[in-house]
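Two forms of a single protein chain come next, each set out by itself as structure tokens; they are called structure 1 and structure 2.
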Structure 1
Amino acid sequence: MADIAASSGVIGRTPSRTAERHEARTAWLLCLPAIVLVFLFILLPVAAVIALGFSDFELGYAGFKFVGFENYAELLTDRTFQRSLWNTMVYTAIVTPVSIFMALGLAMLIETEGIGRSFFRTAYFLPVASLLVAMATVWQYLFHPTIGPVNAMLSQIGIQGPNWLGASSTVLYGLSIIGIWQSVGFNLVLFLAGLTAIPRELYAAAEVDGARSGWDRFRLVTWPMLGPTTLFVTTISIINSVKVFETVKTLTEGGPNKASEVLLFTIYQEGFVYLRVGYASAMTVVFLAILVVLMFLQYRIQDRQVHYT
């Protein structure tokens, strides 16, 4: 009897194991297209860029050779690369915090406004949906030193408007204003979604506990509950700021005197204008490394303060 019971137990487990193997095989088959796409369009290009960064490959030339770390050594003394890296850092330091706090403030104002909420959401999101190259032409007119509306408004209050996009001292700030205008709408929509998800009961409980003012409710309820949203918005804002390219290419071409040359524009110049693909690949590896380090530091610092519901 014991042998019969043992054998029946084995027979009972066998179909279960077969079903598990079949389910696992089906899962891998369903994941296979995504895995192939990730390998072809992400992992393989990254590996190719890393390999080319150790070569002197140039477009139009038949052969190339591996040069080790010579490209990276050249980066250490390349003043154009250093200038573009500094400009990118300044641009990111301006655009990221300003766009985040502006979006948060506007989202809170829109959330408290019952009438016209959909209109304001759409209006502020328009810069995200618009073609940036076309809108750059509009900003070129707005920032025109003589006929531009921005300087015209400044002159009304007795301020001499600068040459926003034509002077080395102001061009990066002009591009930062465009970047803020472009980023606020997207961040605002994300913050609105985060505000909508906060339970109203928490505000009532906070008021019972003595949080009477709006600042107390924001400090004790809104800001902690927006932690996951803020973490995501900060990540996206940093990535988009570091990746700035279209406005620079359209409006300034990195000028004047390389005052607005950013990292992606320098990579574009080296790879597609000077055809130094190996050197541009080394720049790209540094660019990717900077992004990875920024994301790692951000998650290490900010994720500890996030309250996940």
Structure 2
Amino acid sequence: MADIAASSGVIGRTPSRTAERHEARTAWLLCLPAIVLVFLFILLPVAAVIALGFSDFELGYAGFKFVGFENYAELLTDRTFQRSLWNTMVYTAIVTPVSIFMALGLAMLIETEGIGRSFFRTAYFLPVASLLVAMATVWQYLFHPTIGPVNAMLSQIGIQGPNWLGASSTVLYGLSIIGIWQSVGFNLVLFLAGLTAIPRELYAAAEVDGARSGWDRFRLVTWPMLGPTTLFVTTISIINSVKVFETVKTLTEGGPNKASEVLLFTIYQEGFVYLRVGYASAMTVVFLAILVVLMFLQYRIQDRQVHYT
């Protein structure tokens, strides 16, 4: 009986400290290679970009000088930059939600349907694997105002197809359609992988609990359990949409009359076509700053809601 002590405890050295230190050290070691590489290939170059943002460096000239906030001051009045901010926002606002919900819907349809799963997965994934260099030509043709199949199809049902990539009123939508086409497969694969992590037993429970329709099961099990995946997909989709570049570069060159100027294209144009690397760098910094704030807000809000353990 002597060994019973309902004593209120010998709180000596806290063992937890040491254990926590152990764990922290292991964690550090595991992260170290990644940290080093992030430093080398992301942080340092970004630092260089920030530094260049304060300079008047131009491609082809050897020297440059620091000009303080001149580039940033110029940015404030740069209408092209403002235009491209707006266009990027519109593009992102269209492509992100549509591609996420389409991918989710397709993922669920494919998984419930027994027939042709591999085929459908591949079909929807193919756009991700496409080489834009060649695909640009194809889209150009598909969206052709007069000889293009899309408008031919529309005219079959009596609609006068728009001048998709040629008119400033529709060019962003045309690009958005291509953007959706490209990213649905990407999101689809992520959702398919996410679906596998949901324990089957929960669906059994949902059925027994009276979740009759697929929709009920979706609301009760799939959607909440996919939370982490959705968070991930949303984050990545936003980032990818904001980083739209290749389609604009190959299909519209920002035109007509800047109707499809987007941020990365503007930056590219400034840096590599107009060769003003310093100014382009300042733009990049602003671009990053906006994104960082945006992403953190989005991530923090959503992250709270999706992790259960």
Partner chain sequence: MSANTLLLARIVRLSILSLGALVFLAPYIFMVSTAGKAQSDIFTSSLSLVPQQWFHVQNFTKALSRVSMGNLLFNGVIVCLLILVIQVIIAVPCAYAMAKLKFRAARAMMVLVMLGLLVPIHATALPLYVAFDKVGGLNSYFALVAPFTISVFGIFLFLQFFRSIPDDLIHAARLDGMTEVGIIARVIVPNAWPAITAFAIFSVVAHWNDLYWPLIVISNQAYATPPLGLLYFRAAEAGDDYGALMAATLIITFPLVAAFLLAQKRFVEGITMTGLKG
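Numbers follow structure 1, counted from its first residue as 1. Definition used throughout: the rigid core is the maximal C-alpha set that superposes within 1.5 Å between two forms. Everything quoted here is computed from the prediction, not taken from an experiment.
Student: Identify which of the two structures, 1 or 2, is the form predicted together with its partner chain.
Tutor: That would be structure 2, which is the form predicted together with its partner chain.
Student: Align on the rigid core first; then say whether the Cα of Asp78 has moved by at least 2 Å between structure 1 and structure 2.
Tutor: Superposed on the core, Asp78 moves its C-alpha less than 2 Å between structure 1 and structure 2.
Student: After superposing the rigid core, is the C-alpha displacement of Ala259 2 Å or more between structure 1 and structure 2?
Tutor: After core superposition, the displacement of the Ala259 C-alpha between structure 1 and structure 2 stays below 2 Å, so no.
Student: Comparing between structure 1 and structure 2 on the rigid core: C-alpha of Tyr268 shifted by 2 Å or more?
Tutor: No, the C-alpha position differs by under 2 Å between structure 1 and structure 2.
Student: For Ala34, tell me the Cα shift between structure 1 and structure 2 once the rigid core is superposed, in Å to one decimal.
Tutor: Comparing between structure 1 and structure 2 after core fitting, Ala34 shifts 5.0 Å at its C-alpha.
Student: By how many angstrom does Arg25 shift at its CA between structure 1 and structure 2 when the core is held fixed?
Tutor: Arg25 C-alpha displacement between structure 1 and structure 2, core-aligned: 11.0 Å.
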